[in-house]
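What follows is a single chain, given as structure tokens, in the form predicted alone.
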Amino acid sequence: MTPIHRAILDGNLKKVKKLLESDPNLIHEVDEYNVPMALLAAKTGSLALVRYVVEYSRASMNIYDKKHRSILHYGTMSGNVEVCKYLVERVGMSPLEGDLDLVTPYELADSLSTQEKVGEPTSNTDYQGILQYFERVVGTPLSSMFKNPIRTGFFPDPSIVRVGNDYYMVNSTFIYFPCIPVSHSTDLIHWKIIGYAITNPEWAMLDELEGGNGFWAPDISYYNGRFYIAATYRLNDNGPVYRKQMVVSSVKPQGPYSKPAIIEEDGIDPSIFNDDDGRRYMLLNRGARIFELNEDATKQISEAEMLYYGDYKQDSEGPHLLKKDGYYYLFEAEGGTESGHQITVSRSKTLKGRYEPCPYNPIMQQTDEDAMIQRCGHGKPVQTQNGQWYMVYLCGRKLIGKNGEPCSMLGRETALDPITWTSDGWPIVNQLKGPSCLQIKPYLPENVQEITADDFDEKTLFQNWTFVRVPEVDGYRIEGGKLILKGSRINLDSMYAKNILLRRQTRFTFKAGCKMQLPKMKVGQDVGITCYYDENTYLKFAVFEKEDGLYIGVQEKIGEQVISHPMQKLKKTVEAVYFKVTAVKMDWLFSYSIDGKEYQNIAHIDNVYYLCEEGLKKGKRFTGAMLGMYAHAGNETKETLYVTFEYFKYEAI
């Protein structure tokens, strides 16, 4: 321990002054956990020491520890209300800034105050007082706030519409079927999938498409009693035409929707704008191009023309128009979907007039490159029935793998923040502070969240299940409270594999498991759980039939590489297998049981870096980690393989 470290831990202000006067750069030291000295000073709870460090040392107030905790996090840990008041009111620190686990000082104070209540109170801490102070600063109790992202896991490219008191959202699904989920909410926070834009296998057009292609960036709108969903249909890169637009409609938000109408106009990210005069338009990138549609939005009836390329002028896409107070407001996503992603807005008095960029652009962007919530863009505004304005937008969170590689395992997600309108008529998101970790809830009635466990007691699958491309006609059935999955002749490493039933991974830390009745198998067949990104990267946790019997184990597929972990042999008398996956960020443990009581660990993978878009440089990797059930029957036998699953459970931790 260095002299400055010891002096700060002892709260010895006189010694700290003496050391820093002789060498001001000592304040830049870090302890053995890489915590800067200024943060440790705040943790002591000494207001005099904190004031000296802030006002007289060379310490920056933009420094963090390795978990991205700020000086206010450490001030909160001290239990001293006055230290927290000073850091908030004089230094300008926010109680709502999250660390890499998105834990804010406000939430930390709540957690510590709870521990304070159940433990022995100490004379020099007042976590309850800090919690009450933060509540006054924020203006609302913690129970009246929500956390971003609001839709965790693979829910990219959000589009939203309100009809009455109900909100509907759509997100990209690429090659997954059913295509384009339609989700419902009454409070903008809790969402439930109620249907899909394309449920007819003959209309999906996915069978020949590589992972990452398919249906991109849908938009939902409402016009004359019908819901309209538009999306880009993205083909493989092997033909002269590889992007088209499609439109479906329905009188019910959950569908069924009409047969897709195909519009042969190149571009991506379509949205439909209905003007006051009843004329209808579609917008597309690059920049924002516009053309007119017929009344039922099934045909293009004018040439596309540029409205405005964008303010940032790089990768302008995701255009949406809003007409308000005599202006046409044009929202665009710019800068690409990585760290430069942002939302800009421009406006014009006429639809095809000259668009003036907002002086506050970008109205949404993450500027802290070390924060957890990144790549914020592709947004669409919505007004509540109470007159408030909000924007849903795309975001992403990255873990850092064992070897230092980034991993966006959950894919691109959906966040929400409030819009306020400036006195000169411009919309800004979250007061230009970037994405929020913790935000005040809209004043709207709440509704329930989606179901995470499925006992297959219903006649149909829950809506949060999805297939990789279209399953076979007889690819699955639900019978007697059990799911019966037909084995695919083609393995998971091909885009022609069938009947792979998955759900989204929605948290970095989770438990998942299922019970599978063991079928009679042939050599070369395998059945069980898959943790899946695409046909190029996935893992199998399964039962494998080999020449010398049945084995259970884990097998990883990473590009051309197949890694088989040590497997354990099963007795032929085994009737059922219980699978369990326990994930803590990128560290995953696999265990199994044959009686559902005693579990045995079979494999431990400490870096599942390949279950994300950065995990392999091949093809278009725009989705997110999924997990679910599969069966591989192989081509060595003409007999059909059926596998029965009794339940599948997923629990976010």
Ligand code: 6LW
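Heads up: residue numbers just count along the shown sequence, starting at 1. This one's a predicted model, so the numbers in the text were calculated from it and none came from an experiment.
Quick note: we don't show the form predicted together with the named molecule, though the next part is all about it.
- You can rule out all but one of 180-188, 250-258, 287-295, 213-221: in the predicted bound form, only 213-221 has residues with a heavy atom within 4.5 Å of the named molecule.
- The closest heavy atom approach of S172 to the named molecule in the predicted bound form falls within 4.5 Å.
- Looking at H341, you'd find a heavy atom of it within 4.5 angstroms of the named molecule in the predicted bound form.
- Remark: E413 does not count among the residues lining the named molecule in the predicted bound form, judged by a heavy atom distance of 4.5 Å or less.
- The closest non-hydrogen atom of A304 lies beyond 4.5 Å of the named molecule in the predicted bound form.
- Checked against the named molecule in the predicted bound form, the candidates H378, H73, H320, R504 yield a single residue with a heavy atom inside 4.5 Å, and that residue is H378.
- Site annotation in the predicted bound form: the residue of F622, Y64, Y610, W588 reaching within 4.5 Å of the named molecule with a heavy atom is F622.
- In this stretch, 383-399, the one residue having a heavy atom within 4.5 Å of the named molecule in the predicted bound form is L394; the partner itself is omitted from this view.
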